[in-house]
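Given next, in structure tokens, is a single chain: the form predicted on its own.
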């Protein structure tokens, strides 16, 4: 081999990369500094709750291996588990999605946000609700054994104030739009606010919540919180961020509309599939199962719309640091939702429900689907507001820690939960099922630790893109 040939070969090897190099942002948006400030503080608040809420989750995961570390009442699983779930629900996921939503509503309407004051009121009210709710849960004050509904009504009333403020702000901004049509993202975002206000009202009205009635309302509330708040909100953001980052239109407006209306049609009736074989009317269970299968329609329509939009864009995705998050979010939207439809069947429910399988399922949906779509929106859009980018290597570290941690967590809980359910059916002594779960809880803790480390990196990444504020911007932000 000649010297020149050898040198060229070595140079070619040196140029090869394990991963594709990432492209920098292609534009900096000339946005109102008041909007920039508002969006970033929503994102900062959300990130604080993400780290705080998952730190609690990390501790709880370790208690399955070393239960002796939770030796006081306020560290007990019964108190901290709702702190974890409610913090990541109402603090991280809600505020993270609303951070991007404020940007999307204003940009797609081609006008200024109607009221920055309402935006700050909403941010303050939601943050106060999470603070008050966590304090009361740690103190042992709660709304009873009702999953995701542990906050007492005055706390959720604060959250509702924030939703009303957001709803008015978004509605008036869209009403004042400088476009003829309402962009499909805004359909989803507005609907999420309206549906959730209805949900909170129904869930906290006291008159009909006794005995079995409370159980049925609990199923309605628990599932609608995911399906009529986080799902349309996350999908609405993706209908903007995905085509924007790909620099191409969404594949089909019609598929988006089909998914929207069938989501409304089917999702509202599926909550009781959480209480199959419970002493509630058999026909209510059957309706919930039928509508759960019906959810295949909006899930397939929405997933197909996003995947067909991505078709032929492999190079663009590989060179983007935000688009891989959206790809993962779309995939897990499909996987988690179809998994839920299968789990609703009585034959599957018999094995999986009340086992750790459902714990894995909830993380596949709320984390793999919702969190990844929020991260994709934040990484893809917020640098365009500040003109600053996070270190590309750290974005990759966050991505792989979170994705690999989720896979370890979800797979271990799915396998372990299936074994757990089978042992229950066989009548094996309960303590033996606990012992059988030990290795799966170890893998759960490993996966959860990787996810938590990813969140710390995400917090640093957000700080690294924080906009520099000039004196003129500060004056404008105070107006």
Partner chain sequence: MFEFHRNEQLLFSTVWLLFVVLTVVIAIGPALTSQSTNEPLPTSEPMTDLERKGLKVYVNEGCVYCHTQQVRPVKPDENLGRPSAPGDFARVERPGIWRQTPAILGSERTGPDLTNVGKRQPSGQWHLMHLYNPRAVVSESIMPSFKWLFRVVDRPAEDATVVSMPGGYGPEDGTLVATDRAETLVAYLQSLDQAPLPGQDAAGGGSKKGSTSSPAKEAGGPDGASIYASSCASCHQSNGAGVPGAFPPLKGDPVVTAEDPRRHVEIILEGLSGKKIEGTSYSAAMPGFADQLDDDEIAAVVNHERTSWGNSAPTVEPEDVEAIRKAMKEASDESL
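Keep in mind that this is a model prediction, so the values were computed, not measured. Numbering follows the first chain given and starts at 1.
Not pictured, yet referred to below: the form predicted in complex with its partner chain.
- Not one of 33, 44 and 168 comes within 4.5 Å of its partner chain in the model of the complex, counting any heavy atom.
- Its partner chain in the model of the complex is approached by residue 212, whose closest heavy atom lies within 4.5 angstroms of it.
- Its partner chain is not drawn, but in the model of the complex it has a heavy atom within 4.5 Å of residue 81.
- Its partner chain in the model of the complex is approached by residue 429, whose closest heavy atom lies within 4.5 angstroms of it.
- Heavy atoms of residue 52 never reach within 4.5 Å of its partner chain in the model of the complex, leaving it off the interface.
- Put simply, of 220, 251, 114, 120 only one has a heavy atom within 4.5 Å of its partner chain in the model of the complex, and it is 220.
- Residue in contact with its partner chain in the model of the complex (any heavy atom within 4.5 Å), chosen from 246, 327, 359, 132: 359.
- Comparing 383-391, 91-99, 258-266, 311-319 against its partner chain in the model of the complex, the single stretch with non-hydrogen atoms within 4.5 angstroms of it is 258-266.
- If you take 323-341 and check each residue for a heavy atom within 4.5 Å of its partner chain in the model of the complex, you get nothing at all.
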